[in-house]
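Given next, in C-alpha cells, is a single chain: the form predicted alone.
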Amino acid sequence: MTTTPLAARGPRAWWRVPQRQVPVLATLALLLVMYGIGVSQYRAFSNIQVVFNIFIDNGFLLVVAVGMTFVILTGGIDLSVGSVVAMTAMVSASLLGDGVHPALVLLIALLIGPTLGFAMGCVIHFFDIQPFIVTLAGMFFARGMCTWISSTSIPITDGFWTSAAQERIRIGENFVTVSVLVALAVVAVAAYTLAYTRLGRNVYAIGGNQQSALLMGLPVGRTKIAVYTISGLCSAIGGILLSFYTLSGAPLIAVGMELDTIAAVVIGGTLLTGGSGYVFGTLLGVLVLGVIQTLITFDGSLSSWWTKIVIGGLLFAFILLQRLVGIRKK
C-alpha cells in the first residue's frame, strides 16, 4: 500500500472543512464580526455581563429553538411552538393563582407540550398530512386555550416561582439566572442525543432521504412522532422559563416566536430540507439574534422593528448560502 506525502496533497488540504459545516462557520464568523462592531462602537459592550444578559434574555428562545432543530432536521416544521409556550405560561400562572403547589404546577406544565406534540406527530405520521397544516392547527388550538383560560394577563406571586426567577448565580462579579443553566443543560442533552444516540442517527437519516431510511428498516414513523414530542417538551420548558422571565402569563405573549425560532435555527446552519445541522449552530443563531437586539438597544435611535429587518436580511442570506452549498455538493 502506498501513501501520498503530505506535501503532495496540495497547500489547501489542511484547512478544508466539510460543506455541511460551512453554514455553521459562517454563523460563527458573523457573530464574531457583530460582537467586534459592538465593542468598537460602545465601550460598555465589552463587559462580560452584556454577553450573560443575551443568554438571560433569550434562554427560553434557545430551548424552543433546540426542539425546532430536531423537527427541521427531519424535514418538518412546527408552527405551534409559540402558542404552546404561551399556553404553558398561562396554565402555570392560572394554577399558581389558584393555590396549586408549585411542584404539581411544574409537572402539569411539563406535560402540556409533549402531549400536544405527540398528538400532532401521530396525526402527521398515521394520516400522512403535511406538518405545516397539522402544526398550524395546533398553533390555533393552543392560542385559543390561552384566551379561554383568561383574556387578560395573570400575574405570578408564588414564593417559589418568584425566588427561582430572581435567583442570581454569581460568576465572579457577574451573574446568570436559573433559566440560563436550564437552557444550557437542554442544549447539552440535545447535542449528545443527536451525536451519539440511535434516535439522533435516525433523525439525520430521515431528513437526508426518508425513502432510503424506510428501505433500511429505520423506524421512520416512531422517530417523526418522537421529534414533535421533543419539540413540544422544549416548548413547555420554554414556557416555564418565560414565566420566570416575566412572572406572568398573558394570552398574547410569544406571538411570532415560532418565526424567531425558525430564523434562529436556519441562521444557525440547519437546512430547511433536513438532514444537516447542529444544535451548536442553533445556539449561535440565537446569539446572533440576541446581539442584533443588543446593538439596537445600545444605539438608542433605532426602532425595535430594525431587529426584524436585519433578521429578515440575514435569513435571506443564509438560505442563499445553504442553496449555494447544496449546488456545490451536487
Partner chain sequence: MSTARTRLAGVTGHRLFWPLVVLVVLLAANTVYRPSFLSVELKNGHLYGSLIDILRLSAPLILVALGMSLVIATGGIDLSVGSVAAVCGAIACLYISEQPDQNSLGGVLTAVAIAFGIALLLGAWNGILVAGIGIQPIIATLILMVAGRGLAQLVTSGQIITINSEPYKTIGVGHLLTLPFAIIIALAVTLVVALLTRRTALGMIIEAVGGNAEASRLAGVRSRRITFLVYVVSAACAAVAGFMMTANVSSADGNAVGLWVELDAILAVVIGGTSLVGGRFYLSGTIVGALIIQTLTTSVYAMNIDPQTALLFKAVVVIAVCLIQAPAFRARFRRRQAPGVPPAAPVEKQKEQVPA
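Numbering follows the first chain given and starts at 1. In this text, all values refer to a predicted model and were calculated from it rather than measured experimentally.
Keep in mind that the form predicted together with the partner chain is not shown, yet the notes after this line are about it.
Would residue 144 show up as a contact with the partner chain in the predicted bound form if we use heavy atoms at 4.5 Å?
Yes - in the predicted bound form, heavy atoms of residue 144 and the partner chain come within 4.5 Å of each other.
Considering non-hydrogen atoms and a 4.5 Å limit, does the partner chain approach residue 319 in the predicted bound form?
Residue 319: contacts the partner chain in the predicted bound form.
Heavy atom of residue 24 within 4.5 Å of the partner chain in the predicted bound form:
Residue 24 lies outside the contact set for the partner chain.
Taking any heavy atom pair closer than or equal to 4.5 Å as contact, tell me whether residue 107 reaches the partner chain in the predicted bound form.
It does not: once the partner chain is placed as it appears in the predicted bound form, residue 107 has no heavy atom within 4.5 Å of it.
Report whether all of 175, 178 and 182 sit within 4.5 Å of the partner chain in the predicted bound form, measuring from non-hydrogen atoms.
Heavy-atom distance to the partner chain in the predicted bound form: none of the three under 4.5 Å.
Which of these residues, 100, 189, 111, 255, gets a heavy atom within 4.5 Å of the partner chain in the predicted bound form?
None of the others qualify; the residue that does is 255.
Candidate stretches 148-156, 164-172, 90-98, 237-245 - the one whose heavy atoms come within 4.5 Å of the partner chain in the predicted bound form
After filtering at 4.5 Å, what remains is 148-156.
Would you give me the residues of 296-318 that have any heavy atom within 4.5 Å of the partner chain in the predicted bound form, in order from first to last?
In sequence order, 305, 306, 308, 309, 311, 312, 315, 316 come within 4.5 Å of the partner.
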